[in-house]
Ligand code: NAD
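Below sits a lone chain in structure tokens, taken as the form predicted on its own.
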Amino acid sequence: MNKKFSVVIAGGGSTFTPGIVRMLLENLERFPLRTLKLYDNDAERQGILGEALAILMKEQAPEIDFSYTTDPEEAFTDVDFCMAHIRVGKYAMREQDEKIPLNHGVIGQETCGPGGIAYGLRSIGGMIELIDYMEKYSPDCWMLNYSNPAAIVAEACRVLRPDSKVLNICDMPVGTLRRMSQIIGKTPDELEVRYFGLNHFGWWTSIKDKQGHEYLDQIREYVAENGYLTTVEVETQHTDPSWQQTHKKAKDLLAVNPRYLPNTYLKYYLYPDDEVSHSDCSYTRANEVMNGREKEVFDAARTITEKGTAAGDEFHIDSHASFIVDLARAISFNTHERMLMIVENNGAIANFPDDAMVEVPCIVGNDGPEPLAQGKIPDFEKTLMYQQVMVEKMVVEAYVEGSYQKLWQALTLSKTIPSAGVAKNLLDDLIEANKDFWPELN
């Protein structure tokens, strides 16, 4: 394993970037780097993090060539992997995604319902632009995309860039598996799962250790009482209160459908009224993040730059993001890693459309992911999934065709919106808020 890799992080000004950089440094033995570049279209925002990370890199890995730029040619020339976490419109637009729907009595959430649709429509152009830069300047490069909202972004890539080397993956199942492992006193590495669904919309059907022992019933008993919330998270990881509520809510999701273990995001589709009643229109998750993580990360960067050293450990390490390295290694070294990926169905779920982008376990090697067959799924889950996947498909069709009608239909079809009338009023407000980002709709 002598090869050293060149990586560009797209979305260099993201609050997640320092944690990802530190995670990459922690994994250099498994995934050696020769070059690490940050790319963003916001020079000022990226510059604050870039300056601090340059100090960190010089101190901790001087042998790696580190740079940050807003020039696509510089960023994408001679790279093996593009790690993409972009947020078109930044947190200011996320705030709109959450607050506009709440003003209509509908859930306001970053990736689900009307907020997710608004964010998805902003993200498609940005993702396609990145793919085109990557293919122009480094045709052999792979994109590892973990940008939200992953479902709409993955469907857009399927439709608009079907032959591109884009791998869509989400950290949510990784986080939930970590909690499941805490419940049964194991580590995630010791467990192998079966799962089917769409992104942020699925169910675990099996959680086994390497000896083949099934833990589904044991975890289900725990979740029926506590949701996925574990004492480890509350006492040692100080998880945000809003996330604690989300993990607790899995208890109610399990009550509706005790057959399998649910993805926590299903709460927005199965209990939207609860979510709205517990939401504060004037202070949403976007405000929590802007006043919390965003402030902390940029303050830490300024501290490092002022001191001229990163020795104070101001940037937290995002160890949980090491799944990105697992994925890059699988592609580079043909490791046949088993991972949950968002892929075109093509029979993986036997009784679901072939052209649906589904989230299932895959074996990943040099040629990308090979989905594992999950067989036929029950009617309850299948019907929920079909409704949701049609929303995602119609959003992408609306983007491609510039169709107001299709987007209105997509919103009307969403389980989070009570009527076509509410959908239309919401759509008109979202169009106004997103006029700098969305294509023109007729």
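No experiment lies behind these values; they were computed from the predicted model shown. We number the residues from 1 along the sequence you see.
Below: the form predicted together with nicotinamide-adenine-dinucleotide (NAD), not depicted.
For this session: Note which of E51, E63, D42, E59 lies within 4.5 Å of nicotinamide-adenine-dinucleotide (NAD) in the predicted bound form, where distance is taken over heavy atoms; exactly one does.
Result: Only one option qualifies, and that one is D42.
Exercise. Does any heavy atom of S147 come within 4.5 Å of a heavy atom of nicotinamide-adenine-dinucleotide (NAD) in the predicted bound form?
Worked result: Yes.
Exercise. For G368, is any heavy atom within 4.5 Å of nicotinamide-adenine-dinucleotide (NAD) in the predicted bound form, or not?
Worked result: Result no; G368 lies far from nicotinamide-adenine-dinucleotide (NAD) in the predicted bound form.
Exercise. Are any of the heavy atoms in F352 no more than 4.5 Å from a heavy atom of nicotinamide-adenine-dinucleotide (NAD) in the predicted bound form?
Worked result: Close contact is absent here: in the predicted bound form, F352 is far from nicotinamide-adenine-dinucleotide (NAD), nothing within 4.5 Å, heavy atoms only.
For this session: State yes or no: in the predicted bound form, is some non-hydrogen atom of I86 no more than 4.5 angstroms from a non-hydrogen atom of nicotinamide-adenine-dinucleotide (NAD)?
Result: Although nicotinamide-adenine-dinucleotide (NAD) is absent here, I86 would touch it in the predicted bound form, with heavy atoms inside 4.5 Å.
Exercise. Counting only non-hydrogen atoms, which stretch in 134-142, 226-234, 87-95, 208-216 is within 4.5 Å of nicotinamide-adenine-dinucleotide (NAD) in the predicted bound form?
Worked result: Only one stretch passes the 4.5 Å heavy-atom test: 87-95.
Exercise. What residues in 11-29 sit within 4.5 Å of nicotinamide-adenine-dinucleotide (NAD) in the predicted bound form, counting heavy atoms only?
Worked result: Residues within 4.5 Å: G11, G13, S14, T15, F16.
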